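Presented as structure tokens, the chain that follows is alone, the form predicted on its own.
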């Protein structure tokens, strides 16, 4: 009897970090996913576009994506935002004046740059200030570094954000995603 090996594409594998995000969003009925394009998030973004369950589109700025998800929540639809660390630098005002006081369960997936070999000083500066800003806003945040814990962190963070009506930031470490590949 021959054994047939099941081949899974890295783009669609549930056991990849991006596959876990996709399945967790579905499981929690999060259909709207605006994003600011990012190389690390490319596979996830392509998978979202390919799946008719999701409404996903690029935005010009991160604040715009947060505003769209906030309006959708007020209209009865759940959403999440995808962004890079540098884009987080523009969000303090919209988080402090919209998402937090109006109890929007904003789910933010932030691909982390600025660490582990980063060449861009601006990225490093934002990376060092992101967590203190989240702490000063008393906003829940988790840094995902390990695939074996990732599904638990994502699923529980989404559930908590929805039940407590409070935003959460899920920071995707290069240890999880492989980070941005730098050309020589």
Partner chain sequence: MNSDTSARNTKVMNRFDLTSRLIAKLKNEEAVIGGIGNTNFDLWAAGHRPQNFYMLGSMGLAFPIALGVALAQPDRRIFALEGDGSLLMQLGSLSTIATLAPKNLTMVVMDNGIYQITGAQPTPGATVADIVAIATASGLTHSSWAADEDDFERLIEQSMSAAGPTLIGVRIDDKPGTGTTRRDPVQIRERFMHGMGVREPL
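Computed from a predicted model, the values in this text were never measured in an experiment. Residue numbers count along the first chain shown, from 1.
There is also a form predicted in complex with its partner chain; it is not shown, and the following applies to it.
Novice: Flag this candidate site as yes only if 130, 152 and 175 all have a heavy atom within 4.5 Å of its partner chain in the predicted bound form; otherwise mark no.
Specialist: No, the candidate spot makes no contact with its partner chain.
Novice: Mark residue 98 yes when one of its heavy atoms lies within 4.5 Å of a heavy atom of its partner chain in the predicted bound form, and no otherwise.
Specialist: Residue 98: yes, in contact with its partner chain in the predicted bound form.
Novice: Since only the chain is shown here, I'm wondering whether residue 58 would be in contact with its partner chain in the predicted bound form (any heavy atom pair within 4.5 Å).
Specialist: Heavy-atom contact with its partner chain at 4.5 Å: present for residue 58.
Novice: When the contact criterion is heavy atoms within 4.5 Å, does residue 64 count as touching its partner chain in the predicted bound form?
Specialist: Judged by the heavy-atom cut-off of 4.5 Å, residue 64 is in contact with its partner chain in the predicted bound form.
Novice: I'd like to know if residue 77 sits close to its partner chain in the predicted bound form, meaning any non-hydrogen atom pair within 4.5 angstroms.
Specialist: Close contact exists here: in the predicted bound form, residue 77 approaches its partner chain to within 4.5 Å, heavy atoms only.
Novice: For the chain seen here without its partner, which of 36-44, 65-73, 153-161, 130-138 has a heavy atom within 4.5 Å of its partner chain in the predicted bound form?
Specialist: Of the options, only 65-73 has residues within 4.5 Å of the partner.
Novice: Which listed residue (144, 48, 32, 126) meets the criterion of a heavy atom within 4.5 Å of its partner chain in the predicted bound form?
Specialist: Residue within 4.5 Å of the partner: 32.
Novice: Just give me the residues of 149-167, first to last, that have a heavy atom within 4.5 Å of its partner chain in the predicted bound form.
Specialist: Stretch hits: a single one, 165.
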